[in-house]
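Before any questions on how it binds or moves, here is one chain, the form predicted alone, in structure tokens.
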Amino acid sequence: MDNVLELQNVSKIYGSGRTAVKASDSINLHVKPGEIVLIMGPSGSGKTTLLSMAGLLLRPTEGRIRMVGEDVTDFGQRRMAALRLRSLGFVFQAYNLLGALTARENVELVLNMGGVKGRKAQERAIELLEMLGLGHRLDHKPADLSGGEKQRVAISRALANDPPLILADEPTGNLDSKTGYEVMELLCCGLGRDQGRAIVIVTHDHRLRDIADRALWLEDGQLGDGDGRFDPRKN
């Protein structure tokens, strides 16, 4: 597989006529296995729209999306949901954990949805949480966890079905600078690049450039030319 994710001349237009807004404008992005890519840019630049299209949560108005070697642009909702469960892991700024479930149960839930149940799901959830240093917090609910611990649970959940692609939306936004960097370094280096997993991160955190292969700049819905190798703050 050459690329885990390909966005080919992708645009997203909201509204129509005079009120139409082009949130993404002819974006091309190619992400290889094991590659860590940052998407940076000012608020309102279209970062969330771009990530939502890459995550198959939003259909592009124009252009094509390929994932794990397959054109998925015209997939129906059921087929799209199955692909997300199998090939994508999401990490959100607000963690999006279920408060009524323990750390282990939050991870197990995703495994159950993917068809892994019972003891096998429990063992996989424990393995992931222990890898992320949460072996002593397995039975704690989100309300009893620190921000960094919640994000580690969220990462464990994203990795549950062993997806080839992880998408992260402002994953350090609710964490202090030291904790945020440590958590993302663990995800990107220990669980991403080393395992051939591609990771795309939307962030305002410039320090994450140190652990990324590319930092791309998105502004006014444009990511530059080609693969978007364009960052006016860096060049």
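Throughout, we count residues from 1 along the sequence that is shown. Think of the rigid core as the biggest set of C-alphas that the two forms share within 1.5 Å after superposition. The structure presented is a predicted model; accordingly, all values stated were derived computationally and were not measured.
Below, we turn to the form predicted together with a small molecule, even though it does not appear here.
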## Note on the structure
Of Gly46, Gly180, Gly55, Pro60, the only residue with a heavy atom within 4.5 Å of the small molecule in the model of the complex is Gly46
## Note on the structure
Note: the small molecule not shown here; in the model of the complex, the stretch from 206-214, 66-74, 181-189, 35-43 having heavy atoms within 4.5 Å of it is 35-43
### Message
Relative to the superposed rigid core, does Thr19 relocate between this form and the one not shown - that is, does its Cα move 2 Å or more?
### Response
yes
